[in-house]
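Form predicted on its own, single chain, as structure tokens, below.
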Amino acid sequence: MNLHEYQAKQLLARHGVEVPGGQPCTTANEARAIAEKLFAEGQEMVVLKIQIHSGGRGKGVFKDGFKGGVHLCKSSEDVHKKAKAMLGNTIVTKQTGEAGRQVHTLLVASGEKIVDEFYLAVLLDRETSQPLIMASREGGVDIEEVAETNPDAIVKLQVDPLLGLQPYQARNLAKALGLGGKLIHSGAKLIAGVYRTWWECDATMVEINPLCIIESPNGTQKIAAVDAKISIDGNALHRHKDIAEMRDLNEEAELEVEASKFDLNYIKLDGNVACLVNGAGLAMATMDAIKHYGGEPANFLDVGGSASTEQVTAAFQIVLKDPNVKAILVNIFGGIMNCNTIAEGVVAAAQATQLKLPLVVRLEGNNVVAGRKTLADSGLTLIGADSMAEAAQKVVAEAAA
């Protein structure tokens, strides 16, 4: 589950990380009120940021021509004017696609005087199954670009998950970023707080870009997380009810939200061949097979290894809500999964929706004989297949026809 910037900063602040002052808002009047408070506290500028789950906000363009989802403002009236232009409007960035994202929330934060920028992230190294901290002196830019053009600029630290991040390791990272004097101590404290956020919140990634040295009006300097991105492991949300409540359904595809209600793993894609599969590995292999035979998958859909008839029926109904779908492939290998459960779900869904689209079914494994009999006795017009390759070939041909 992805979090908005303001939500990520709330979690970071909870774990001792310095973040700029600010608050989220959903109306232009609220934005003005927050800005007035920040200006009254002595801020010379405030920054107005749209809150969407997409990068490239600053360079985005709204569909009515208004440019930029991040703006520095010197007055509360300017904040009000720009907030009014952005809220409810749809912005297109390099990551949103042409459809763009509608803006529902803004973050109004203090516009800090930035002295220097860095990059910091904590994630899971899947090769070693250990936490990995990545830091770079080149902040404020895409880390992928840095990794490609100047990989030596990225410092990596493996953390023993039993021992956790040690103070000396945090200090060494602070020094690797070029911090000196008192900033070494505050930098190490911040790095420890970022790691603690990742660990205690069951995050898959915590990214601070940019991590900045900021200067106050009196000339003193401190290090703070000026921007933040956090992704939480969805499988751990039952341990974090407060974080689960941060989920923004406006940022998720409607069909994906519907699928989550039935504990289905569904991701909408751009093709016209719908897939209903049990197991993530088999689902990916099925999509590869469809591509291999010239088709385009319309979705990733894993019903899991122990789905009920009700879940299978729900899965079937969800893929049918995609107007791009021209044919459906059900590819089941029953290990834990009972093939007859899938067959009963397919029959129930097909009858309930009065299915008109071509349906290719490949069943193999646990209780497959009963499953095939259920399909044969249903009276539905089905196209059978004995292998995944055969099923993929047939469904691609049906979608093309």
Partner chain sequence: MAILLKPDTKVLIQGITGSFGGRHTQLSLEYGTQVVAGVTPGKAGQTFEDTVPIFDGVAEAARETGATASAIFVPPPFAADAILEAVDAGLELVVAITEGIPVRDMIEVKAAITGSATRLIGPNCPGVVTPGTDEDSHGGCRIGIAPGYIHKAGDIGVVSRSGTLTYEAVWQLTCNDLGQSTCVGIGGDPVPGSTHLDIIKLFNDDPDTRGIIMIGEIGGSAEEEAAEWIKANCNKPVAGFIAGTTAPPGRRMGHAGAIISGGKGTAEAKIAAMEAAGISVAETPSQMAEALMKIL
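As the structure is a computational prediction, the values presented were derived from the model and not from experiment. Numbering follows the first chain given and starts at 1. Only the largest set of C-alpha atoms that superpose within 1.5 Å between the two forms is called the rigid core.
Note that the form predicted together with the partner chain isn't included here; everything after this is about it.
- Only one of the listed residues (A244, A153, A176, A236) places a non-hydrogen atom within 4.5 angstroms of the partner chain in the model of the complex, and that residue is A236.
- Checking Q311, N272, Q169, T204 against the partner chain in the model of the complex, a heavy atom within 4.5 Å turns up for just one residue: T204.
- Annotation: in the model of the complex, residues N89, Y119 and L183 none come within 4.5 Å of the partner chain through any heavy atom.
- At the 4.5 Å threshold, heavy atoms of P358 stay clear of the partner chain in the model of the complex, well away from it.
- The shortest heavy atom separation between E44 and the partner chain in the model of the complex exceeds 4.5 Å.
- Interface residue remark: K94 is not counted as part of the site for the partner chain in the model of the complex, having no heavy atom within 4.5 Å.
- Under a 4.5 angstroms non-hydrogen atom cutoff, the partner chain in the model of the complex has L162 among its neighbouring residues.
- With the partner omitted here, the stretch from 347-355, 54-62, 334-342, 26-34 that lies within 4.5 Å of the partner chain by heavy atoms in the model of the complex is 334-342.
- Along 360-379, a non-hydrogen atom within 4.5 Å of the partner chain in the model of the complex is carried by R362, E364, G365, N366, in order along the sequence.
- After superposition on the rigid core, displacement of the C-alpha of G68 between the shown form and the other one stays below 2 Å.
- After superposition on the rigid core, displacement of the C-alpha of I336 between the shown form and the other one amounts to 2 Å or more.
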